[in-house]
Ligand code: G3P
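Here we start with a single chain on its own, the form predicted on its own, put down as structure tokens.
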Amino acid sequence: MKVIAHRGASGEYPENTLLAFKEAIKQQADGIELDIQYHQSNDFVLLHYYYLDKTTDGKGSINDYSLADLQKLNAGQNEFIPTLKQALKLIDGKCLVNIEIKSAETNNYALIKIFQLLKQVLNHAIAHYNFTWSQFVVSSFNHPLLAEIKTSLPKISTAALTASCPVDYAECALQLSANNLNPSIEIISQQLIDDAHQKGLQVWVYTVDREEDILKCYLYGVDAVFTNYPAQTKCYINQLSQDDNNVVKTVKK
């Protein structure tokens, strides 16, 4: 079961910052998940929230600032808000990267700008930063956007995010030609995981920090978990994999 650092090693360092990504690499995470927002400068900036007061010392929205001024804000521990290009340069192909697009956009003109920029940034990363296409996964709760990305960038793996259990289980991801179903830990079941696997999909579950949730994912046969504490989660998974009898004992308690 792979361990993906959720917004980097965000349980200990400021989320979506270069520091959080450096530490995730040091902690030997199998991958890094990061959130991108489209900025009016025609660049992607790394923020989970569109409004700045949640994770920085700024006020208002990302588009109230130029990119230069946006990067002067403190994102925690004197870290700045990086662009996607800066993050990929730092990661440099050392692990896979799950790029979550934070957008409710459905306007065709706006979507085209997003697709074109994403293609440009990823091609640059492959040419200059030791990445291959197989190391990228693009995920979103915006399923129409995901469908368009798969059409525009057929080489990219995509993942359908969901916070609810669909009545047809993993069928929504299959209809999008996605490679993954990425459900919330709060809604997973053995039936959902099995249905996804039967449809040829991988299942990556967010956000998994507690040992009981890690154990549940392990027993269900989940392929990867997103966690705020990659080293801690990786250590517990290694314990489980080294002693399956211990898993059984834990379940019986």
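Small disclaimer: the values here were computed from a predicted structure and weren't measured. In this text, residue numbers run from 1 along the sequence as written.
The same protein has a further form, the form predicted in complex with the ligand, not shown here; the description that follows concerns it.
Where, among 28 to 36, 191 to 199, 215 to 223, 57 to 65, do residues come within 4.5 Å of the ligand in the predicted bound form by heavy atom distance?
Going by heavy atoms within 4.5 Å, the stretch is 28 to 36.
Just to confirm, with a 4.5 Å cut-off on non-hydrogen atoms, which of 102, 94, 143, 150 contacts the ligand in the predicted bound form?
Among 102, 94, 143, 150, a heavy atom within 4.5 Å of the ligand in the predicted bound form occurs only for 102.
Report the residue, out of 125, 84, 118, 161, that has at least one non-hydrogen atom within 4.5 angstroms of the ligand in the predicted bound form.
By the 4.5 Å heavy-atom cutoff, the listed residue in contact is 161.
Residue-level question: is residue 44 within 4.5 Å of the ligand in the predicted bound form, judged on heavy atoms?
The answer is no: residue 44 has no heavy atom within 4.5 Å of the ligand.
Looking at the ligand in the predicted bound form, which residues in 1 to 25 have at least one heavy atom within 4.5 Å of it?
Heavy-atom contacts to the ligand in the predicted bound form: 6, 7.
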